[in-house]
Ligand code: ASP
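Shown below, as structure tokens, is a lone chain in the form predicted on its own; questions about how it binds or moves come after it.
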Amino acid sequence: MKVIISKLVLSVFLVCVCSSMVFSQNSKDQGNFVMVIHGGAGTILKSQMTPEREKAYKETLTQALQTGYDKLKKGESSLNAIEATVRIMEDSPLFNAGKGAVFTNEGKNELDAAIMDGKTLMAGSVAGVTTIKNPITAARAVMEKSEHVMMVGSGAEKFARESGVEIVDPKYFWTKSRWDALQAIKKEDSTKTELDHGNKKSMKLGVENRDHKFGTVGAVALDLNGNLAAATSTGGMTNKKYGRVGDAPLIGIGTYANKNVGISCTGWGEFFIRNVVAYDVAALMEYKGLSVNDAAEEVVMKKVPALGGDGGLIALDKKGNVSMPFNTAGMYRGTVTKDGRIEVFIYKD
């Protein structure tokens, strides 16, 4: 009789253990994870794109999304996923970040990047760096290995070096297409005039030419634990003045994440700064109860253009809802969902 009872108890125990394991596995399987990326907004027209170049963009965007997806699927953090994803785009000469960074008026490549953890509100950024191969990794080092949020110039480079971040010769960032773009701008009439209350006012080319400002890359991810993170990296604007910093490395402006939403922006930085774009999206969601899409549309399609700026952003909320509004002709962008489905887009339609 004792043997029968023991066997019965053992059987019940095994059933409970197995059921617990199945429930645990199913709970993890039911967790949602999503990633959205961008590679810059601007006058991106199909009529001006060769089939070969379009293919190259789509392949690199797909590779970036696959890289992030692989990490999220394994249960890694959203921070790990977005850093790895942005590094893919930084290493490509196609985008205005890392290897493909544009040139300043002085003929330099000055890079900015930022990263933010929505769970903790920890953030890190670097600006005006010239020797860091992957600025997004340096931004994460600032977040995790220093007491600061933002570091710039030679100080950021020194810290990155001490933190084990890869340093390269500035020549690494030189690409013929970006160099030619700078020369073309300089060969154009360097001044334009406008009527300002009856007086002529000089305007430097590159300040008002919108197409010299785009190409920033970014990523936002939601991991299996429900945590959001956002990252942005850029080479700034072609022919920019010495010391200019745009919106990308500024927390709450070009990059932001909290427990509800993650945002990464691309566009005319000066106008995104004035509108505090990334945080404004988050605030509209929190204080007015807007959906991620309604909030993003309100800022990108109304507030930024009202001041004369343009660009776009990617946003992802805690439920996995994605928004990718832009008010330019095109924006390199894409998504990947839990089922591994990757979609990439370039043009408006």
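Residue indices: 1-based, along the sequence shown. Please read all numbers here as calculations on a predicted model, not as lab measurements.
This next part talks about the form predicted in complex with aspartic acid (ASP), which is not shown.
If you check aspartic acid (ASP) in the predicted complex, you find a heavy atom from every one of Thr216, Arg244 and Thr266 within 4.5 Å.
Of the stretches 79-87, 231-239, 177-185, 124-132, only 231-239 has residues with a heavy atom within 4.5 Å of aspartic acid (ASP) in the predicted complex. The closest non-hydrogen atom of Thr137 lies beyond 4.5 Å of aspartic acid (ASP) in the predicted complex. Within this chain, Asn96 lines the site of aspartic acid (ASP) in the predicted complex, having a heavy atom no more than 4.5 Å away.
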